[in-house]
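Okay, here we've got a single chain as structure tokens, the form predicted on its own, with questions on binding and movement later.
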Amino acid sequence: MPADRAGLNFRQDYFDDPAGWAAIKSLLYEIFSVDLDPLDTVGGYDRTSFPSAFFDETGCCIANLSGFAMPLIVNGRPVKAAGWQSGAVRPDFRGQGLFGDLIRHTLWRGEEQGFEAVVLYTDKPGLYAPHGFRTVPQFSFRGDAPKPMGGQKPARHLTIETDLGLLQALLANRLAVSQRLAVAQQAEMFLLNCHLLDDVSLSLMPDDKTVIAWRMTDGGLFELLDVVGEQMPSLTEILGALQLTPASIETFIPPDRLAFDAEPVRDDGPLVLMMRCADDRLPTEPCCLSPMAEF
């Protein structure tokens, strides 16, 4: 366990402390402009979380790194994985080794819990590469839109405010959207991203058991962001229920369960996905995690 530093106290598992929860929300808003307040309206933080942090004597959170359980499907097999998020250090305290202490301690805590892999997003991969993390290229998948299936009832528009219970129930029993790489269970980030991504539409398929997260661009491109349910509809079924006839489609989930002939397009943006795991736990085909699972 990291030792207290001069003027700083080391703490862990402090999210149930109202003052501590407020302190981490303040840190992340000031460093990343990310507002965690919506989490409080959809059930609160992930109860599998294991955060570690340094606080000053006033209760201000100076540096933090949080882990949480994030079961994955990789190459068709379940992987007991942890996600890392909320890695931040206030500018005046950088360069003192605080974050390195938190990385090493969080790795140790994950090993104690038996995680096979650790996954994170970062725009600073050089911070994590020395600790065994490797970049996993991410792709979207583009192709011509299939003809929508006719004769279907229209999908129903959902909102996070009025349909929270339904969304939570479907998220608890969802099918992984891909065999290549997908979350097997992770509700909190989906619900938070419903707030953070304000251009996302949520639609309930006619079977009342499947939710589609999607958006249309100004150029008429249909973007499929996620599918939540116990089964995976085809794109022809999705377009028919949404009553859309786009010329082309871009999916942000791998297409292996969509019956979609698509070309992978590499994402070269500043935010990269990294994994720390054995070689046989790394994805072997072009893949991505849904934007609704980003953390």
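Not measured: the values here are computed from a predicted model. Start at 1 with the first residue shown and count on from there.
What comes next is about the form predicted in complex with a small molecule, which is not displayed.
The small molecule is not drawn, but in the model of the complex it has a heavy atom within 4.5 Å of R94. The closest non-hydrogen atom of Y29 lies beyond 4.5 Å of the small molecule in the model of the complex.
Contact check for G100: a heavy atom falls within 4.5 Å of the small molecule in the model of the complex. Taking the partner from the other structure, the small molecule in the model of the complex has a heavy atom within 4.5 Å of a heavy atom of V89. Note on contacts: among F141, F115, Y128, F222, the single residue with a heavy atom within 4.5 Å of the small molecule in the model of the complex is Y128.
Checked against the small molecule in the model of the complex, the candidates N75, S203, Q168, T122 yield a single residue with a heavy atom inside 4.5 Å, and that residue is T122. Remark: of stretches 224-232, 262-270, 249-257, 29-37, the one touching the small molecule in the model of the complex is 29-37 (heavy atom within 4.5 Å).
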